[in-house]
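Single chain ahead, written as structure tokens, the form predicted alone.
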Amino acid sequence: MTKFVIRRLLQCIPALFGVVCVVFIMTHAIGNPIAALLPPEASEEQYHQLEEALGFDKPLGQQFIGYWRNALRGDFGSSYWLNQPALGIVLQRLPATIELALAALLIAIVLGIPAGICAAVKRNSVVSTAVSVVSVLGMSMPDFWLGMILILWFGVSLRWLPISGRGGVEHLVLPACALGIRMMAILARLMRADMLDVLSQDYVRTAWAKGLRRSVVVSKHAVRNALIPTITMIGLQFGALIGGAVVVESVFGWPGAGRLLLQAIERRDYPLIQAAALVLAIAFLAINLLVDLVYGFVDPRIRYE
């Protein structure tokens, strides 16, 4: 197990290197931030002074080397917009994003997996058809559009739930639903397909022939074997939830790292963009490592030698 974890951590290094390189190139491709930081009436001398102070007067290759040197020390500089250490700002906002993603994941798992199991067990029934229809609808609706519909319905018309900000559980319901319904639909369809495949296997038919109860056959023999692909999808989709939170957080005014990243892009705040992108990439890689470790608990046949 330890060797496996170390090997996976070493494999993350090239991925993080690629993320840092791509983010550096993309941030410099969106334009020089000097024009956004100075007022329109600023003189050319003030422009060059700020350019020199921020290091944009140096060649791009030299800027890249300096950026890497500072990044390895965890220093991404200070935010142009908030005038605070960029990494510290992102780490302050990250718990809100993780809270939202976990709530959306909980909704997707609690509703999606049982729906997929029921649709497979009751194949060609009204339940199976309903799950398929709802799944297609859920996968077809963009997160931001669904978020606005939920705001208009439950927030404006019915006035049941708050439509913005972060507070109690009531503030979390609408953004978590907007973010989690699409994943719920994906998990339901995947679980249904995997369950149908497992239920047709010889060892399941043998369990039926032995006269075992339906609940035992489904839970012990079918579900555990069908969960492996679903767990993989959960890990990938949880990373997508963190990325998709950028739009949902903006729609609901949720003070997370995703909304912070979008605001930083609008203001061309290079240090904040680079710090936020790297932190979100590390979170995605950590989640995928955790998913690999969960495999061994779901299926004892899996070993990590």
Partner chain sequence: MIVIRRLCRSRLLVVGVLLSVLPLAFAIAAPLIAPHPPNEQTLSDRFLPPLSSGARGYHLLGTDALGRDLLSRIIYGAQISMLVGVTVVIIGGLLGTGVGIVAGYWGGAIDALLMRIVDVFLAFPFLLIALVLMAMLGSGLSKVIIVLGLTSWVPYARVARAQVLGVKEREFVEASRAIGAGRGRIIARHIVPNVMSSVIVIASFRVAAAILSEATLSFLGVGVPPGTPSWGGILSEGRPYMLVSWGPTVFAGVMIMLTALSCNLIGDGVRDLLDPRWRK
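Just so it is clear, the structure is predicted and the values come from calculations on it, not from any experiment. Residue numbers count along the first chain shown, from 1.
One more form of this protein exists, namely the form predicted together with the partner chain; it is left out here, but the text below deals with it.
Thinking of 246, 261 and 268 as the candidate spot, does the partner chain come within 4.5 Å of a heavy atom on all of them in the model of the complex? Affirmative, all three are within 4.5 Å.
Contact segment among 88 to 96, 74 to 82, 101 to 109, 185 to 193, judged by heavy atoms lying within 4.5 Å of the partner chain in the model of the complex: After filtering at 4.5 Å, what remains is 185 to 193.
Given that the partner is absent here, does residue 123 sit within 4.5 Å of the partner chain in the model of the complex, heavy atoms only? Yes - in the model of the complex, heavy atoms of residue 123 and the partner chain come within 4.5 Å of each other.
Would residue 19 count as a contact of the partner chain in the model of the complex, using a 4.5 angstroms cut-off between non-hydrogen atoms? Close contact exists here: in the model of the complex, residue 19 approaches the partner chain to within 4.5 Å, heavy atoms only.
Looking at the partner-bound form in the model of the complex, is residue 156 within 4.5 Å of the partner chain by any heavy atom? Output for residue 156 is yes: heavy atoms within 4.5 Å of the partner chain.
Although the partner isn't part of this model, could you tell me whether residue 250 comes within 4.5 Å of the partner chain in the model of the complex, counting any heavy atom of the residue? So residue 250 counts as contacting the partner chain.
What are the residues of 125 to 141, in order along the chain, with a heavy atom within 4.5 Å of the partner chain in the model of the complex? In sequence order, 136, 137, 139, 140, 141 come within 4.5 Å of the partner.
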